[in-house]
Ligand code: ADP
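Heads up, the chain below is alone and in the form predicted alone; it's given as structure tokens.
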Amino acid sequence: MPLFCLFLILFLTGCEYGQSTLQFAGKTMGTTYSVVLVPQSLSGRQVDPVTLQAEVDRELGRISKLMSTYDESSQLSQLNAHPVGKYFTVHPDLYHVLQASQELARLSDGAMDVTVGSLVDLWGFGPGYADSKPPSESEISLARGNAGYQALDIDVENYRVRRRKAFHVDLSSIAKGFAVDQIRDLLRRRGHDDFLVEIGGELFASGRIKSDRQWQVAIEAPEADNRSIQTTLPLQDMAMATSGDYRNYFEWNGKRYSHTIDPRSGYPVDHQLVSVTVIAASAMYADGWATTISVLGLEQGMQLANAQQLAVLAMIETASGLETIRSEKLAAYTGY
């Protein structure tokens, strides 16, 4: 969500940052990234932003070569091209993300399912696809039949993965969050304690922006044609991810079709839940959970959020306007 990223950074720059911060940004994984550092935490040591950004770019490039669906030479693309029924050895990082996605799939009874790549392509939201009309019921049924997280086998001892059906694995619901966690770890290894790293709207806020102030991160109002702030949340050593259907969609015969596909039906989600924000210790899990709850809808999504003790802020469209709902964990986190 590059537009969201720009909005987020402009808001934070204007409202919180001073001359004491160091910022750089770039492109990665089909979107944008940004890093904001508070150099005072380095006890007076100088920071070379060019060298640091080059290191960040190398790490993001490495992750993209593992998990991109847009790069035919990526390891994920190689897995998707590997013969069905045969194991394929993957890098430990790709293995880790696949394992996490399967964990969320089991906990959500399939609302989170990275085997939906063929359905994403079919609806025109994948790489190289641009059809802006709904596919036929028969096409959807065929793609659904060739999917299902239960048909993705992970060999926990040998970092091997096997597809038992002809689906395409798509990690767009979790890979950006993983990349945020990796850049967080890189910056901390370089001695940085106070920073914010963001990729495509998924972010991690480390430390504080000032000694007496936590990072304050804006959550955008879920409106397609308007840039405004719905609320802000404080973050310190926590990740935040937002999933919504108000930016990436197409319209056909007066009906809006979201990019968020429900793996259980094969259709884009169609309910009153328009935005989900999750706060967690890991950006990878925040990213995955945000998508999962977006698929489930308000009632099932918040039930699962409370059962899993997740800090979730949900926005729904009602006849009287936008309504904000907080999970029990978020209410305890923010105090309201």
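One-based numbering along the sequence shown. Keep in mind that what you see is a predicted model, and the values were worked out from it rather than measured.
There is also a form predicted together with the named molecule; it is not shown, and the following applies to it.
This chain appears without its partner; in the predicted complex, the one residue of L94, M238, I261, I209 with a heavy atom within 4.5 Å of the named molecule is I261. Residue-level contacts in the predicted complex: of L76, V116, L203, A179, one residue has a heavy atom within 4.5 Å of the named molecule, and it is V116. Site residues Q230, T277 and L330 are none of them in contact with the named molecule in the predicted complex, judged by any heavy atom within 4.5 Å. Proximity of A283 to the named molecule in the predicted complex: non-hydrogen atoms within 4.5 Å are absent; the residue sits far from the partner. The named molecule in the predicted complex is approached by V295, whose closest heavy atom lies within 4.5 angstroms of it. Although the partner is absent from this view, S68 stays clear of the named molecule in the predicted complex, with no non-hydrogen atom inside 4.5 angstroms. The shortest heavy atom separation between I183 and the named molecule in the predicted complex exceeds 4.5 Å. Remark: of stretches 151-159, 166-174, 211-219, 136-144, the one touching the named molecule in the predicted complex is 166-174 (heavy atom within 4.5 Å).
Residue D287 is the sole member of 264-288 found to place a heavy atom within 4.5 Å of the named molecule in the predicted complex.
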